[in-house]
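Listed next as structure tokens is one chain, alone, in the form predicted alone.
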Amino acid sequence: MNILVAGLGLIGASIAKTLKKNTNHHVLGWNRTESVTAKALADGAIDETGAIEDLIPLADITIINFYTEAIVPFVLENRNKFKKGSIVTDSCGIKTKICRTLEKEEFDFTFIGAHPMAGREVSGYDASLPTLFDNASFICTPTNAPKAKTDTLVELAKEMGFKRTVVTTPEHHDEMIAFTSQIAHVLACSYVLSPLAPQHPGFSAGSYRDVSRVARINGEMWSELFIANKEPLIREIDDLTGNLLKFREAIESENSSLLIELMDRANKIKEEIG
């Protein structure tokens, strides 16, 4: 198949490199910054490039790797260029806002939301890796897509080497991502905003490193993701705040039995779910 990777930042370029490493598909690539596209071509991360309006009609699958707010406009602006019967997908970390908007449209192609679950604390083409998705999950969120099209995208993910594929609704995806990813970034950023954070050298070990790691964050991108997924994320923030207050109250009142109960409960959950 011809697979177009539109957007060659960390995720897009890693997708292109993974396709080249693990499959025999012909990889078309495009990035708004032409120097990035040229580098990807020189590196062998893509097989072919050109003007986006010339590449889109060639693609059996188009994978869009833009910030949240740019995906729907790109699809709508190019709706008459996508190859008839082709699959158009994306790699954005939220799905409801995108999928529920595009499902209202009538296309000659099939749009299926997707989320390759991987990332790094650094961004851009130079941070991309052909191994980024090793042991990762690939999530599909079809709405009105024919099952055969979803199956095609799932099989491509397996071919690329994703360890697990999940098919679910956009809403359930966003609810789970609020818990497994977004709240962790909120927590990490809140944690390192402490006035004591600059003094951590010499006093920190694994706990500081584990909790603070994802505070290295692209603020522009993540602010879009947080706001686009605000209802599920606010629920998670409220739950986290409530649990923190339970610990605060137990510590303030020197209620060791309640502290032990809270920690035992958390320990048991962690042991059960991993």
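Source: prediction; values computed, not measured. Residue numbers here begin at 1 and follow the sequence given.
Only in words, not in the display: the form predicted together with a further copy of the same chain, which the text now covers.
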property: In the model of the complex, residue 199 touching a further copy of the same chain (heavy atom, 4.5 Å); result: yes
property: Residue 210, heavy atom within 4.5 angstroms of a further copy of the same chain in the model of the complex; result: yes
property: a further copy of the same chain contact in the model of the complex: residue 24, any heavy atom under 4.5 Å; result: no
property: Non-hydrogen atom contact residue 176 with a further copy of the same chain in the model of the complex at 4.5 angstroms; result: yes
property: The single option of 117, 154, 160, 72 touching a further copy of the same chain in the model of the complex, heavy atom within 4.5 Å; result: 117
property: Candidate site 168, 180 and 271: all three near a further copy of the same chain in the model of the complex by heavy atom within 4.5 Å; result: yes
property: Interface stretch in the model of the complex with a further copy of the same chain - options 43-51, 27-35, 215-223, 56-64, non-hydrogen atom within 4.5 Å; result: 215-223
property: Members of 252-274 lying within 4.5 angstroms of a further copy of the same chain, judged by heavy atom, in the model of the complex; result: 252, 254, 255, 256, 259, 260, 262, 263, 264, 265, 266, 267, 269, 270, 271, 273, 274
